[in-house]
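As structure tokens, one chain now follows by itself in the form predicted alone.
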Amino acid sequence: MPDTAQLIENDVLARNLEGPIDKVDPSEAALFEHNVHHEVFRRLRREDPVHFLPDSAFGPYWSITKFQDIVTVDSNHKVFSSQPSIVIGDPTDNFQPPMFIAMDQPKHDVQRRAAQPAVAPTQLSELEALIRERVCTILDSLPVGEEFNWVEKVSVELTTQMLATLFDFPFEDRHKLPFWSDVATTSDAVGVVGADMEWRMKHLTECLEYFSRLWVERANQPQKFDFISLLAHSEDTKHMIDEPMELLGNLMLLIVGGNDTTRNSISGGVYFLNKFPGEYEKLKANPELIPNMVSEIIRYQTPLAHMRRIALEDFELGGKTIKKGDKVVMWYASGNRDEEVIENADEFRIDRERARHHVSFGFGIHRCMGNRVAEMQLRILWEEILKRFDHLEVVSEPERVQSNFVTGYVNLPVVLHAKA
């Protein structure tokens, strides 16, 4: 008999593929947890690419599923507001700390500008040697010929160490960072069933208390180029310590932005190369494809499935009228599989032309400011993997995150095979 997960997957998928188009709801987290969301988005792109759902667990909302329509919405911050949130739902406990990605101009620009030097091009050259050293240490510690969880041993550990560097966070406490990241994204606002919002608030309050201590220390020291020091010394943000919810919101943003996205692309790349073994052989024959492959991994994984906006005025899109006040959800996970823009979009091709032409990083004023750091981590990781191992074998299907926002992995069982 099919197990419970299979029954859930089949029921949710059938409802969205076989039911009336006006009832299709791609926000159901089970679709992402069981990796069947692409079938639903394919239907929406074909039948109703600007799709209105009047009733869902998150209220009425528009689904924008085609590449160019997503660019239109994402680039027009004067019509489509990010306030008060970038995720589809509003938390049931009304605990919604403000963060600059969920702000409009001018406040958005001021706060983003204060933090951005931490990931500026001038900093990347200094970070590269450190990242490579840490990648080598992690890879050299892995068991060869034995099954282990790639997510835990590599994806989480590498991004945790990188986050600790960007925050200049006490290294011995670095594992608090991925924990807080998971807490921040475990919310009923992104479809997590049974999310304990009281537990979530408790741990995020601990996060705020820890970083508040770091803030006071950094404010009394000469400025450095970590996130906390930059924010504490900027004339525009140095008073954020007096707005604890705003400080917490921006901490959540920077932690999740630096953790979940890269972490899940690190896992996704291993999985995709196993699903498309011809591409793995292509990579081993030509390691110079790594930078291009990194962009293809980020497209194919799409670490954040969606971003939400609120219409500030009526707007015509795809022959539909989006009304002032309507919730508009851009499904990046769908735009990155748009067949009209990306040839054979459901295939993973490491030598794809224009591989950086994807929507994973967003567009306009909210485009991901850490995109180059993410790409660099992935590039260095794969350069060092190819030096050490013949191949990474995925031995069973991964366990995925329950969320309609973070498309991620909990467990990816692998076995490393040494070079002959």
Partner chain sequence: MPTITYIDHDGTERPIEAKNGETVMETAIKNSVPGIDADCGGACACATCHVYVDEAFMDKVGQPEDMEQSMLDFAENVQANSRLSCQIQISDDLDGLRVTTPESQH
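Positions refer to the first chain, counted from 1. If you're wondering where the values come from, they're calculated on a predicted model, not measured in any experiment.
Same protein, other form: the form predicted in complex with the partner chain, not shown, and the subject of what follows.
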item: The partner chain in the predicted bound form: contacting segment from 216 to 224, 276 to 284, 70 to 78, 183 to 191, heavy atom within 4.5 Å; value: 70 to 78
item: Residue contact check: Asp109 to the partner chain in the predicted bound form, 4.5 Å heavy atom; value: yes
item: Any non-hydrogen atom of Val119 within 4.5 angstroms of the partner chain in the predicted bound form; value: yes
item: In the predicted bound form, Asn371 touching the partner chain (heavy atom, 4.5 Å); value: yes
item: Exercise: Thr321 in contact with the partner chain in the predicted bound form, heavy atom 4.5 Å; value: no
item: Interface residue in the predicted bound form among Ala30, Leu386, Leu53, Ile365, criterion: non-hydrogen atom within 4.5 angstroms of the partner chain; value: Ile365
item: Position in contact with the partner chain when the complex is considered in the predicted bound form, options Thr205, Gln105, Asn344, Ser141, heavy atoms within 4.5 Å; value: Gln105
